[in-house]
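Shown here is one chain on its own, the form predicted on its own, set out as structure tokens.
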Amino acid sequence: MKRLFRLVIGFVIFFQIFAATAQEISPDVLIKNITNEVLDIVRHDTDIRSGNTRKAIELIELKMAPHANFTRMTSLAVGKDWRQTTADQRKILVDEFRTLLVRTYAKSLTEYRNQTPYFKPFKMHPTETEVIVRTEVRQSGSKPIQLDYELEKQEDGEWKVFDIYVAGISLVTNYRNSFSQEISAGGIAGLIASLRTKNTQVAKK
């Protein structure tokens, strides 16, 4: 009985240590691990490389989506008009924007052709709660594409992505411009309708 008790306590301590370690992974290591793991899976998955978007979406939902703060992404993309939204509208906006981002990124994964990620040197102050992890996507015969990730530290110590910069252009800012036009034309309801239409169109491709 004592041996069983010690064994149970040992497992509890192990999982507590494991959880704490997982939460304390630095943002640059997090991005590097996720990127390498996802690309390694894509390299060996002929279905994804042949255009199977459904499998690409499943991969993103499993490996990448848990490390993104879609609520903050959505609020930043909507901008000042976010304050006008109701709780129900916010949930719908986050869900629809998440769906659009995941499906769009899934499409890019199916077009992966042995590009190589390069992770630039990273430094941060221990007290920082928002950082940028800078990377490049390299491919033979083409100029490297700058791909940077902006992350924030959560209350539990985990880091999550809330913006991505492609060649210096913010994903959030890029969407904010189009969202502002949609809201000016049809209000928050108009933006929701537009996102639903886009998601329907993307799902058919």
Partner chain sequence: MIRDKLIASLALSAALLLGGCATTTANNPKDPIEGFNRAMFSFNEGLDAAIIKPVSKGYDAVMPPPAKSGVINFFGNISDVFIALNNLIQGKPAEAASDVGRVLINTTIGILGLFDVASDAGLEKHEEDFGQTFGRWGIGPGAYVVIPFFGPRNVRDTAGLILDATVNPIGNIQHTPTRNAFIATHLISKRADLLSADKIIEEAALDKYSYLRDAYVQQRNYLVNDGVLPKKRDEPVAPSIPFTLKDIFK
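Keep in mind the model is a prediction, meaning the values are calculated, not measured. Residue numbers count along the first chain shown, from 1.
The same protein has a further form, the form predicted in complex with its partner chain, not shown here; the description that follows concerns it.
* Asked: Tell me, which of Asn33, Asn177, Ser50, Ser26 has a heavy atom within 4.5 angstroms of its partner chain in the predicted bound form?
  -> Looking at the other structure, the residue within range turns out to be Asn177.
* Please check if Thr173 has a heavy atom lying within 4.5 Å of any heavy atom of its partner chain in the predicted bound form. => Yes - in the predicted bound form, heavy atoms of Thr173 and its partner chain come within 4.5 Å of each other.
* Close approach of Gln154 to its partner chain in the predicted bound form, 4.5 Å, heavy atom -> Contact check for Gln154: yes, within 4.5 Å of its partner chain in the predicted bound form.
* Quick one: is Thr104 in contact with its partner chain in the predicted bound form, heavy atoms, 4.5 Å cut-off? -> So Thr104 counts as contacting its partner chain.
* Using heavy atoms and a 4.5 Å limit, would one call Arg43 a contact residue for its partner chain in the predicted bound form? -> Flag for Arg43 set to no.
* Heavy atoms within 4.5 Å of its partner chain in the predicted bound form is the criterion; list the residues of 158-174 that meet it. => Counting only heavy atoms within 4.5 Å of its partner chain in the predicted bound form, the contacting residues of 158-174 are Lys160, Phe162, Asp163, Tyr165, Ala167, Gly168, Ile169, Ser170, Leu171, Thr173, Asn174.
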